[in-house]
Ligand code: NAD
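Here's a solo chain for you in structure tokens, the form predicted on its own.
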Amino acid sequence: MTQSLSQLPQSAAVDPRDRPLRVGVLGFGGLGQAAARVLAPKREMRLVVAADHLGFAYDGAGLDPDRCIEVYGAAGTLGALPEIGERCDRSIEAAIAAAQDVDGYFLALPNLPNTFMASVVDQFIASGWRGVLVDALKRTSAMEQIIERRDRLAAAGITYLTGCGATPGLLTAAAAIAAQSYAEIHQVKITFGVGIANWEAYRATIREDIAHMPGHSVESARAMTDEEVAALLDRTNGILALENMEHADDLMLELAGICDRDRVTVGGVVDTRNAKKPLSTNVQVTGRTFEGKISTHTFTLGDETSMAANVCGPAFGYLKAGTALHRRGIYGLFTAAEVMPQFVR
């Protein structure tokens, strides 16, 4: 007998429609701060905890994003917030312990070194916390480490959605939908354009991009000082041109049965001195229909949408979808190409 979603077993937890989801954001650089702003007008989610590498802030009634950003800019840590902040060395571990009532976290963390996100996942598993985790991982090799923890995540009662930003994420999911028109997929080509008026607002993201450039690696990019990054950008007039990147879109589409990973390519241009995108972000899916015709679907993002909007919006949409799974007792690992995000009101 086929069951509708409404007939699936429900846990005793309060239905998310009855109260806002309590959300945490780990990492409070440019992406983490944008995540706080995205959540501010939402009535279905409430930011209650946020952490940086020097401390965290927790308030069950909800954090004030503007106040958090102001204090972080002045003191360099959310731990400086009076009464609700705490400075500490192991801030992620301390935040998890202090905020056991959090429904889900967006891991807006720089994945430098390449093992960092997996180590954060290990902390959640060890903590005994149960809930939903969402990341915006980029590298295939980093995502493979998360996949290795699939069984442990399920046993811990954690529902984990990986690769839920823009690319991987929004564009990967669009490719999975576009692929349905075809009997065979020949190529998935993702091209992105990012405009940032001030690279220092997204230092970790820019370093991750530099790691994809010829002559650089994750280790060398991580070791670069701000002065060295600025000098590199001076030599390129602020432009980072990236080709054939190690991007987990390939792994995600392969796991979803869309195509082999060698048929997926990702590249783009990042302008670190202008907010306007240097080119339009798009995904092209080329394949053969059942009638034998070759065609290409193209999905293009509006140039007015920022990197932060295209990463944080999907991330919280997937967090809401993950919460629906978690409340039905469905734990373990999923990718953005396997689950449809739910719009957060």
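Note that residue numbering follows the sequence shown and begins at 1. On a predicted model such as this, the values are computed, not experimentally measured, just so you know.
Omitted from view is the form predicted in complex with nicotinamide-adenine-dinucleotide (NAD), to which the following refers.
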(Q) Given the stretches 199 to 207, 220 to 228, 250 to 258, 151 to 159, which is the single one in contact with nicotinamide-adenine-dinucleotide (NAD) in the model of the complex, using a heavy atom cutoff of 4.5 Å? (A) 199 to 207
Q. Using heavy atoms and a 4.5 Å limit, would one call F28 a contact residue for nicotinamide-adenine-dinucleotide (NAD) in the model of the complex?
A. yes
Q | Contact flag, P110 vs nicotinamide-adenine-dinucleotide (NAD) in the model of the complex, heavy atom cut 4.5 Å | A | yes
Q. Would F124 show up as a contact with nicotinamide-adenine-dinucleotide (NAD) in the model of the complex if we use heavy atoms at 4.5 Å?
A. no
Q.
When the contact criterion is heavy atoms within 4.5 Å, does Y72 count as touching nicotinamide-adenine-dinucleotide (NAD) in the model of the complex?
A. yes
Q) Here the chain is shown alone; which of I190, L137, V270, A176 has a heavy atom within 4.5 Å of nicotinamide-adenine-dinucleotide (NAD) in the model of the complex? A) L137
Q: Quick one: from V311, V48, L319, A36, grab the residue that has a heavy atom within 4.5 Å of nicotinamide-adenine-dinucleotide (NAD) in the model of the complex.
A: V311
**Q.** 4.5 Å heavy atom contact with nicotinamide-adenine-dinucleotide (NAD) in the model of the complex for all of L21, G85 and D103
**A.** no
Q: For the stretch 85 to 106, return the residues whose heavy atoms include at least one within 4.5 Å of nicotinamide-adenine-dinucleotide (NAD) in the model of the complex, in the order they occur.
A: S91, I92
